[in-house]
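First comes one chain, alone, set out as structure tokens in the form predicted on its own.
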């Protein structure tokens, strides 16, 4: 497989260095004219928007317009601009990315496995198949910085390509539920002002306290989605989900959002929360509250596919109309096709694409 010796997000540099100096590797040399045939007519549609190939990179490693534009030029036709907030938010301390080595025979991490609480080895040995920690804390620039940059990112999309902005609300000390909902609305309003054609609301990152996610509360997600849709009108809204272990919880999420016409799609999954340890059994990521981290990459592929299959079945059984974006462990054309076969309308790769800038072209070459 054609892989860069260096990821386009340099895991050995701080988040701030990556933001100001990145991207790296092949992304840094992406030709201005691109490497794909821009005269070709888009063959597919996503929420009514023409796409060359419904494949791209999800929220996370595409920090700003330099990253998203490089992704477009290398043939990733969907690029998700890293999650933004209504105000600046600091990144977790460095390091943020470690290689994760599950002990299970198949290398998978599954919610409910004792290994997730017992501890999984994490270090700096980035070997294939690759899984990594995702311990950033959803940093955001101030809107005065990210809004003009997001506009530039949207304008840089070529024919059959789509920039997807990601946003979330921020829960701060002393904030009540009404204030929390209002902060989501404020962030969505700021995104809409950039000329976005759709947006993704991130409910899958820890923002509700220790090891708690917004998507664990489908009723609150429904309230927020209703308020956001009242603000953004006809702009399609996608909700990013973590893995939801129980069918009842997933059904409640669909009932509170898509079944009410508040949400036009789901992206699943983000990461799986895991306790990470070093070779001596100590805490792998330094700092208070960082005993656990979200893990992405090859280890979460089966969980991602499971969520897509379950969402697809709910869509069919309940005669609903929403799109599904499959995410998790996509590192090869075969993984892309597995997600499409499972019911995904679009597929995205973060870890796989970070180390393999040719992945989109490999899928297209088939």
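Fair warning: this is a prediction, and the values are worked out from it, not measured in the lab. Positions refer to the first chain, counted from 1.
Only in words, not in the display: the form predicted in complex with a small molecule, which the text now covers.
Which listed residue (270, 257, 293, 161) meets the criterion of a heavy atom within 4.5 Å of the small molecule in the predicted bound form?
Comparing distances to the small molecule in the predicted bound form, the residue within 4.5 Å is 270.
Can you pick the one in 108, 190, 199, 138 that has a heavy atom within 4.5 Å of the small molecule in the predicted bound form?
By the 4.5 Å heavy-atom cutoff, the listed residue in contact is 138.
The chain here is shown without the small molecule. Which stretch in 191 to 199, 172 to 180, 128 to 136, 219 to 227 comes within 4.5 angstroms of it in the predicted bound form, by heavy atom distance?
Answer to the contact question: 128 to 136.
I'd like to check something about residue 297: if you look in the predicted bound form, is any of its heavy atoms closer than or equal to 4.5 Å to a heavy atom of the small molecule?
Taking the distances in the predicted bound form, the answer for residue 297 is yes, it comes within 4.5 Å of the small molecule.
Although the partner isn't part of this model, could you tell me whether residue 351 comes within 4.5 Å of the small molecule in the predicted bound form, counting any heavy atom of the residue?
So residue 351 counts as contacting the small molecule.
Please check if residue 184 has a heavy atom lying within 4.5 Å of any heavy atom of the small molecule in the predicted bound form.
Although the small molecule is absent here, residue 184 would stay clear of it in the predicted bound form, with no heavy atoms inside 4.5 Å.
Any of the heavy atoms of residue 83 lying within 4.5 Å of the small molecule in the predicted bound form?
So residue 83 counts as contacting the small molecule.
Is every one of 22, 73 and 357 in contact with the small molecule in the predicted bound form, taking contact as a heavy atom within 4.5 Å?
Contact check failed for every one of 22, 73 and 357.
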